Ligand SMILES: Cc1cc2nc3c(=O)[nH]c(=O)nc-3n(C[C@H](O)[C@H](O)[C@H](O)COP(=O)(O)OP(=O)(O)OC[C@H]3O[C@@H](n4cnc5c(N)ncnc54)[C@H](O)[C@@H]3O)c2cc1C
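One chain is shown next in structure tokens, namely the form predicted on its own.
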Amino acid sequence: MEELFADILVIGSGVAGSYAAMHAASRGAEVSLVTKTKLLSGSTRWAQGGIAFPSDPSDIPSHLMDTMKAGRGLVDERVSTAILTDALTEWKRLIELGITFDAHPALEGGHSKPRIQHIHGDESGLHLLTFLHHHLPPSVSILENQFAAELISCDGQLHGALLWKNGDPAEPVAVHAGATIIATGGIGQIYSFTTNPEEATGDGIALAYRAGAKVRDIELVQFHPTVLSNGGLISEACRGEGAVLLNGNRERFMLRYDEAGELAPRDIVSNSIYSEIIATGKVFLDLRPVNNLEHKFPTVYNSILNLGFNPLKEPIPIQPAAHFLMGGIATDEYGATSVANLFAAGEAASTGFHGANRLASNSLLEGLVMGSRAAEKAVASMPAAKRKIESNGVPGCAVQDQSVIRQIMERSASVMRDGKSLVNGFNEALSVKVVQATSAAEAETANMRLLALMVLKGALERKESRGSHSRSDYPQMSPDARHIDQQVENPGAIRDRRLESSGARDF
């Protein structure tokens, strides 16, 4: 087995992972940055929305209020205030490094004022990530095409990860590190219809769960309201520039659901679109009111043209799709998890910033701030790396095709849910057979199965409709806002139990 040593191991090369690696290196740490595909990968590069920086210190209370309103009672006010305060520091740091933001801030759904900073219009994520990668110092070793198969421990503490070079278990690489930061993004690929890239299979969350970390509110999956038939999303900023939603009768409908109309928070817009599709057959986004669409939103414009539509002449058919995970690995305000020496940042983490429904463009913001915070804490607290390896469980392999899991989730836990469908979906997913994985693709499938079970179980336990989680059999929001935690009882010995064992906490 090849063995490598680092002060900090970062798994994931999106905004949170790349900024964490950059920040840890600036504090003198030797960093290994691991990605299972190429360095420029993941959801960040697809992000059309910009970064929701508070415009200045006086805007923090307003931004916090917008965030808490969207989050439907599950936003952690203390953590969110800290993130928004630090955001101004990170904004200044990026400018000092040489990044150039567009001239005017944009308005997006749920925000009470224009504060979204874009970089080259609707290519913000790509340009931000390219910029961060360009500024990674030599003390960051980049390990591409390396699948993180399991976390490794010594004497009860986590000290790195076992990688499969080129996704092959026959080429293991042990990276021994004082501290590990998981920044692997979301779980969108467990759904058939998603805006997420192919690599968004939730591997980092599965790794942390198997190692004993607490996972929180994973049933809270946000569905982006306006997505094209090929999974390409139409930025919320388009509605901020005047685009309107029309039902199958070509009637504008959003003002019947919320006084903010097309700029209501995402959960309201997605649920409203779902209802109108049921009632009238289709929903369209009319982009004709947007001035200079082809110049302001070139990615959106070209994506629509490639599907055979002309957004300058006709409304475009859209529907909601799985987009962003508000839940994830539970962390404190510095990214520390319930497992010693393990940190998480970005979409893989649950900090309490997004609550039950993420406010538009708060994701890149959180990735930057929590990437920086996790790196700071990891460097300050890390012990020396150790060589001895104790297994935390290599993933098995779900023998069915990944599409089986996606179909189960699309049927059982999409925009609108109910108890019967969730129970059926859980037991279907549980029946997906697991054997030993012999490739990264097979291990991904096993991770997807595990995450599907967790989402379905969490959705069953959340007997209410709150934010992104809507149940037809529990249409009201409970008066008591609560988190739903899931944690392995015995790391390394995860057991499958049918749903009738309602007290089971692991799978």
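Since the model is a prediction, treat every value here as computed from it, not as a measurement. When you see a residue number, it is the position in the sequence shown, counting from 1.
There is also a form predicted together with the ligand; it is not shown, and the following applies to it.
**Q** Within 4.5 Å, heavy atoms only, one stretch in 459 to 467, 475 to 483, 59 to 67, 32 to 40 touches the ligand in the model of the complex. Which?
**A** The contacting stretch here is 32 to 40.
**Q** Can any non-hydrogen atom of Gly160 be found within 4.5 angstroms of the ligand in the model of the complex?
**A** Contact with the ligand, no.
**Q** Would Asn362 sit within 4.5 Å of the ligand in the model of the complex, counting heavy atoms only?
**A** Yes, contact at 4.5 Å.
**Q** Indicate whether Ile181 is a 4.5 Å heavy atom neighbour of the ligand in the model of the complex.
**A** Close contact is absent here: in the model of the complex, Ile181 is far from the ligand, nothing within 4.5 Å, heavy atoms only.
**Q** Residue-level contact is defined here as any heavy atom of the residue lying within 4.5 Å of the ligand in the model of the complex; does Ala21 satisfy this criterion?
**A** Looking in the model of the complex, residue contacts with the ligand do not include Ala21, since no heavy atom lies within 4.5 Å.
**Q** Does every residue of Ile11, Trp46 and Arg358 put a non-hydrogen atom within 4.5 angstroms of the ligand in the model of the complex?
**A** Answer is yes for this spot.
**Q** Could you work out which of Glu199, Glu428, Glu376, Glu333 is the residue within 4.5 angstroms of the ligand in the model of the complex, going by heavy atoms?
**A** When the ligand is considered in the model of the complex, the option within 4.5 Å is Glu199.
**Q** Of the residues Thr195, Asn341, Asn247, Ser270, which one places a heavy atom within 4.5 Å of the ligand in the model of the complex?
**A** Comparing distances to the ligand in the model of the complex, the residue within 4.5 Å is Thr195.
**Q** Pick out the residues of 299 to 335 whose heavy atoms come within 4.5 Å of the ligand in the model of the complex.
**A** Residues within 4.5 Å: His323, Phe324.
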